[in-house]
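A lone chain, given as structure tokens: the form predicted alone.
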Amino acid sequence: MSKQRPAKTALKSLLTTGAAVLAFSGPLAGMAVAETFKIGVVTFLSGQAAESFGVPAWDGGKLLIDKLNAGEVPPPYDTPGFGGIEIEPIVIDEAGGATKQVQEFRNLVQREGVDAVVGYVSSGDCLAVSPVADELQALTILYDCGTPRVFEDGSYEYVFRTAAHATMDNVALARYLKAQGVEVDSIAGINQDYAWGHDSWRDFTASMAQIYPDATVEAELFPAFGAGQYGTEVSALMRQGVDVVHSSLWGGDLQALILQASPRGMFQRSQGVLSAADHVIPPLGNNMPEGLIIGARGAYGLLSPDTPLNRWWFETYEAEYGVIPVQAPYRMVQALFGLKTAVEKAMDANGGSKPTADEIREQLRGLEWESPGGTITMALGNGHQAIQPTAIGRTVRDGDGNVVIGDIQRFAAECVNPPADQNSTDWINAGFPGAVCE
């Protein structure tokens, strides 16, 4: 994985053999130093979100950066680095909470002098860092967090989110149930007791109220984040015996729920509908039940489209790490491809110089680019918030007995995301006005 970067190798050699000279003549006086584009990458490298999201995302990020610097990515991304400028990542652990991340953000910008920050799985961290990014006029790409509130409650000049927010996931689930002919008279939910869980449940029940107006909500359960034990909740859901059980649990919480609910037959009694579940298929293996309706928060991994760019990305990641890519690395490469596109457009506009943050953000606003998961369009939040196509499917076993995803249905971005002039809740409650579904 690690590659020798020519500029760094030359600098290391110079510092080793000529330190005394440098001490008196000034740093690299009279010598050309290769310029890099420094990116602060912030994602969970420790803690509960590391295994499911943070580490796979960084695995994808460092793999793509190596391939970009080597000029080994297919068109339209075959220019080495960013417009010929080598990409230099500095990775930071997102663990520790919002206050710590604000300080880490300031360090990246003010001490490390990064040209951009790409980061944040936690919705709380996204909400905390965004106003600081504008205060410091620091270009910031939110690559993963799902809360719609970043740009529905706020407005920023230097902050962009290159993935759709969580409203898309739950609108798509409701539309999928209807399209697949699932009869739903009653629903229940088990979602984590913080913003992500509450926002996801709100969007799902509101969407179901539009698509299944006669269905009733029989139970709303909000266990603590990281609870791990769901015996009481599974008993309650079994007693209800509703048609559909919705959950936005993820990572270890979702694995625990599946492992505890499956032997008791909960998913035989009720249709399981999971908004962000593709990433637990590799660790659960054959313990992943068949028949679950799942999403990946985008057309990612086993739900991804058959395109040349996606085939290259899927096969490159699997060959490198021996496991299929799931949603987190897809969203990381989506962000990096968007940043690369904006940087190179800015260079085209300024005559080829390394662009400033202001020049890049002018190109990012309203930008459209291709990613392995489909076309990304910065259509919401005054051009700062992405929409994208997505897909939903059902877990099945292939001919070798492996759990994969079948009955895949794709949804256009304009079908499952609100238009630019409405926030998510108003759009759903009004019956999805302006939605364009194929």
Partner chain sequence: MDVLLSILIDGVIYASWLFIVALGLTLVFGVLRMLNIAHGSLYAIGAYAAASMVALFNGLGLPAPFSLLAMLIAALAVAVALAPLLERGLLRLFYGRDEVLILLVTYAVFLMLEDISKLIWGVNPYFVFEPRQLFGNLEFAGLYYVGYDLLLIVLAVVCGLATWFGLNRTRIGKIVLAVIHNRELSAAMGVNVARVYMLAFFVGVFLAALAGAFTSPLISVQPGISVSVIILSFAVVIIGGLGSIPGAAIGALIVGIARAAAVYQLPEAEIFIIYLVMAVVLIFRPEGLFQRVQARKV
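Numbering follows the first chain given and starts at 1. All figures in this text were calculated on a predicted structure; none of them were measured in a lab.
A second form of this protein, the form predicted together with the partner chain, is not displayed here; the remarks below concern that form.
With respect to the partner chain in the predicted complex, the three residues E104, Q137 and Q363 uniformly fall beyond 4.5 angstroms at the level of their nearest heavy atom. Taking A209, V184, V91, L284 one by one, only a single residue has any non-hydrogen atom within 4.5 Å of the partner chain in the predicted complex, and it is L284. Checking D358, E220, E72, E368 for any heavy atom within 4.5 Å of the partner chain in the predicted complex turns up a single hit: E220. Picking from 368 to 376, 404 to 412, 50 to 58, 391 to 399 the stretch near the partner chain in the predicted complex, with a 4.5 Å limit on heavy atoms, gives 50 to 58. Mapping the unseen interface onto this chain, S46 counts among the residues with a heavy atom inside 4.5 Å of the partner chain in the predicted complex. Though the partner is left out of this view, R269 does reach within 4.5 Å of the partner chain in the predicted complex, counting heavy atoms only. The partner chain is not shown here, and in the predicted complex it never comes within 4.5 Å of any heavy atom of P80. Proximity of G231 to the partner chain in the predicted complex: non-hydrogen atoms within 4.5 Å are present.
Taking a 4.5 Å heavy atom cutoff to the partner chain in the predicted complex, the contacting residues in 234 to 253 are S235, A236, M238, R239, G252, D253.
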